[in-house]
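First, one chain by itself in structure tokens, the form predicted on its own.
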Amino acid sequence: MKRPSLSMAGLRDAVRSMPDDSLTAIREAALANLDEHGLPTVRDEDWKYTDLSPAIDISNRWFAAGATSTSTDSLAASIEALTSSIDANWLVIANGIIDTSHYEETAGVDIGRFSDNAAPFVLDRPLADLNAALLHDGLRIRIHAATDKPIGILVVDETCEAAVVTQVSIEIEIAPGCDAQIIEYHSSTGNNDHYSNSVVALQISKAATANYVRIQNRRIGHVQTGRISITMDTDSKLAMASFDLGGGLIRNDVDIDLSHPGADANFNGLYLAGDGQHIDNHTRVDHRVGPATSSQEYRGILNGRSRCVWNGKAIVHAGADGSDAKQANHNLLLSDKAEIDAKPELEIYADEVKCSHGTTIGQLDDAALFYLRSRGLDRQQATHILTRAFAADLVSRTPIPQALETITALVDARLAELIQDGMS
């Protein structure tokens, strides 16, 4: 089957129909990069398991329909429900448009937009180029003092009558010595096709700490690609937890650069996939100096005809003696039609390092199921208890307490759906 290619003519028309403003030159540069290099395909090693054809098809139909923006008026109820579910100070990006009306100005936090300062983006990835080419505006956040509440970033989209494409770009800087809590929440509604492409750059300065929670709970069938690039300075700390519950085709890239001694990156992820879902997590940690520490653990629960990918790479560069890199990936398959492609990778070019990796793939333990059923539970109840226990360890490590109750409820609800679908 021939895979669709991105319509460069449609993209060019979409870019040049946007307002002539301070981002115009950046959009044109991104367009030129895409014209030269195109989007990744399954022939690229990092994309061999994930075909972007659905995102390309949606984009081409959106271009053909005039690449128009969608009104955010009908999203008011969804925004209210989502922002009230977690006690945070919320910034909203609705249908790709920044909305600061829900945000309460806070001492110690500066909010700006890319259009306020036309400094060039770093255009070194095809999907980042696509993001820059079609971006209405980007969000800048600088945190230079601790806040009473986490900073919440709600990305919410709606599609009703036609296919829609939206771009989100966020830059976050945490000042030296500052502790910050950040929640990134992606949601969508609507019965038509939707593709969201997000790029986040997080800079953690010297002796600063970032507690970061990312939730993806898009409508089943919607498409999202996202990249977060994290740079860490001397003695900085990162505690990050990601939860993927919805979507049809989801691709997450996490890049962490450890270029200063004493940096400590701890990040975890949980993905729950049902029939027809494809969730791909690619992570890369570059240990450029030592001592520095990275630790990641991802877990997946798959049912139906779903497919998930986990590719975790840690590179210990020459001279990064004293580096400590750990990787773990564990998967629970509830269906013989579910598929997981797991690939832990370590590249070590230094001495005096501690590195480990491992992955497991299994099914529910028959003895545990029998024990629970012998205590009066039916198979569905017993399955829910065991899958919940498998997920609970990662959920309990959520680094922002205000988000724990909501995440627990979302995970429980999604597990119930997966198990119900598997029993029907």
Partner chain sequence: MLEINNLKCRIGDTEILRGLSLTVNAGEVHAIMGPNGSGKSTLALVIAGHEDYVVTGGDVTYNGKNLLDLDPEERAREGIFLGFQYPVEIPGVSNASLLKAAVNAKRKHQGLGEVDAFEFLKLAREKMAALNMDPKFLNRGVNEGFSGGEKKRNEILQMAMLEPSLAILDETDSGLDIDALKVVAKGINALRAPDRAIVLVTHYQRLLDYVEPDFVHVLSEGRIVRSGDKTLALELEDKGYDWVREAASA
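Residue numbers count along the first chain shown, from 1. No experiment lies behind these values; they were computed from the predicted model shown.
We do not show the form predicted together with the partner chain, though everything after this point is about it.
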Location of the partner chain contact in the model of the complex, chosen stretch of 395-403, 61-69, 363-371, 48-56 [non-hydrogen atom, 4.5 Å]: 363-371
Could you check which residue among 44, 35, 28, 378 gets a heavy atom within 4.5 Å of the partner chain in the model of the complex? 378
Is it the case that residue 386, even though its partner is missing from this view, gets within 4.5 Å of the partner chain in the model of the complex, heavy atoms only? yes
